[in-house]
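Next up is one chain by itself, shown in structure tokens, the form predicted on its own.
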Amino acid sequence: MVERSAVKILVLDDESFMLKLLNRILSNLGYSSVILCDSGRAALEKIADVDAVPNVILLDLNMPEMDGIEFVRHLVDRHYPGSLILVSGEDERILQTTVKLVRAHKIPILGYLHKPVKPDALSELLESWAPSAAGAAGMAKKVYAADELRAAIEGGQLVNYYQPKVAVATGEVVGVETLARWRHPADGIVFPDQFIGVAEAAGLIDDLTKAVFAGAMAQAKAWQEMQLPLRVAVNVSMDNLASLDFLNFVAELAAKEGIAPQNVVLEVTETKLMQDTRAPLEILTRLRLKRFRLSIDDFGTGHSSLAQLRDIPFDELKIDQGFVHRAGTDETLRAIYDASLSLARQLNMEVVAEGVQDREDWDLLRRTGCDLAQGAFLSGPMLPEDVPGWMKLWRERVRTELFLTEDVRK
């Protein structure tokens, strides 16, 4: 725990009254190392002093000479190593957009506060600051070469983890999503955001997806023999759908392992616009005719859009996690969540809410009648051998906790 008196704070606001008020609040909270600035230019001069660089900046947005967003750009240019808290009278949507912008610049942001500032709320945000936060956020992820990834695929270094999907109405575990990990001999577990892009750029995505799918079907068979008939989902890139070979591979492997097509979900994510959509449309339509389930992943982001719903016979829609977590209290997120849910219902599609992080998210899904839930509130991704044990614990949690309270839909 860092002593409050040791945390260096800079407050930037063009209103002298706000500067005095925030200074008094910080002093009462025990933060004694505080610098007050009434303009962005003055603040940047303070930051130029290596010994005076603040750990946290309390930043107003609407200032006459240099607004808060321009100030953030200057922080980026100066490689500012600390964290930000937005303090503003602007509306919620502007604050949320600014938070996303700051994060896109890789500057840690502890949160935002509306004026007038409540001491307890400010204290809570400052308590979340840690010396390692800035350093960890700024660490560049290792970039892997295509040859190294190719060797990993051929050498069996890809490992499948599985994240549960649960029926919201009953708590029943109905399926899992397969999530690939690279068990690197030197770096340990490597996550997909560090190798999927490499695979697509180097023409390795077919080999990667086929390896993941083969492992998922073998595991589905093992669970089936254990009397755990889980529906297994596998992520598919649109690049996989450029050749009819993929259709044959999926159908033949599922049949070989004795897995019914209805228990296989292909989650399609379109990371880039396809120049020629004829092959993907044909393959997906034929897979649907064979009774494989098709899911539109990350709906509302990237190219996962209304055009895809129009053109492809999906029977499952996954609402992106960015529109699920905190949708119960955020009007903008709630509007997008409700619209996605309503659209799916009108198209007779099953709906999966991704990114269910806490009880508030879960209760929202129950109130609105969402079909399936997925996220950390239920479980993170796990190795296949851990799934049966988790299912026992989840059933007990459902019995003793999640469905004892008064029905939230009333």
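The numbering used is simple: start at 1 and walk along the sequence shown. Just so you know, these numbers come straight off a predicted model, no measurement behind them. Throughout, rigid core stands for the largest set of C-alpha atoms superposing within 1.5 Å between the two forms.
One more form of this protein should be noted, the form predicted together with a small molecule, which is absent from this view; the next part is about it.
(request) Would you confirm whether the three residues 192, 205 and 212 all fall within 4.5 Å of the small molecule in the model of the complex, going by non-hydrogen atoms? (result) Affirmative, all three are within 4.5 Å.
(request) May I ask you to check whether residue 125 falls inside a 4.5 Å heavy atom distance of the small molecule in the model of the complex? (result) It does not: once the small molecule is placed as it appears in the model of the complex, residue 125 has no heavy atom within 4.5 Å of it.
(message) Residue-level contact is defined here as any heavy atom of the residue lying within 4.5 Å of the small molecule in the model of the complex; does residue 180 satisfy this criterion?
(response) Taking the distances in the model of the complex, the answer for residue 180 is yes, it comes within 4.5 Å of the small molecule.
(message) Does any part of residue 237 reach within 4.5 Å of the small molecule in the model of the complex? Heavy atoms only, please.
(response) Yes - in the model of the complex, heavy atoms of residue 237 and the small molecule come within 4.5 Å of each other.
(request) Give a yes or no for residue 95: in the model of the complex, does one of its heavy atoms lie within 4.5 Å of a heavy atom belonging to the small molecule? (result) Taking the distances in the model of the complex, the answer for residue 95 is no, it never comes within 4.5 Å of the small molecule.
(request) May I ask you to choose, among 196, 312, 333, 241, the residue with a heavy atom within 4.5 Å of the small molecule in the model of the complex? (result) Only one listed residue qualifies here, and that residue is 196.
(message) Tell me which stretch of 219-227, 172-180, 145-153, 277-285 has a heavy atom within 4.5 angstroms of the small molecule in the model of the complex.
(response) Of the stretches listed, the one contacting the partner is 172-180.
(request) Examine residue 290 after superposing the rigid core and state whether its CA is displaced by 2 Å or more between the shown form and the other one. (result) No.
(message) Using the rigid core as the reference frame, would you say residue 105 shifts its C-alpha by 2 Å or more between the shown form and the other one?
(response) After core superposition, the displacement of the residue 105 C-alpha between the shown form and the other one reaches the 2 Å mark, so yes.
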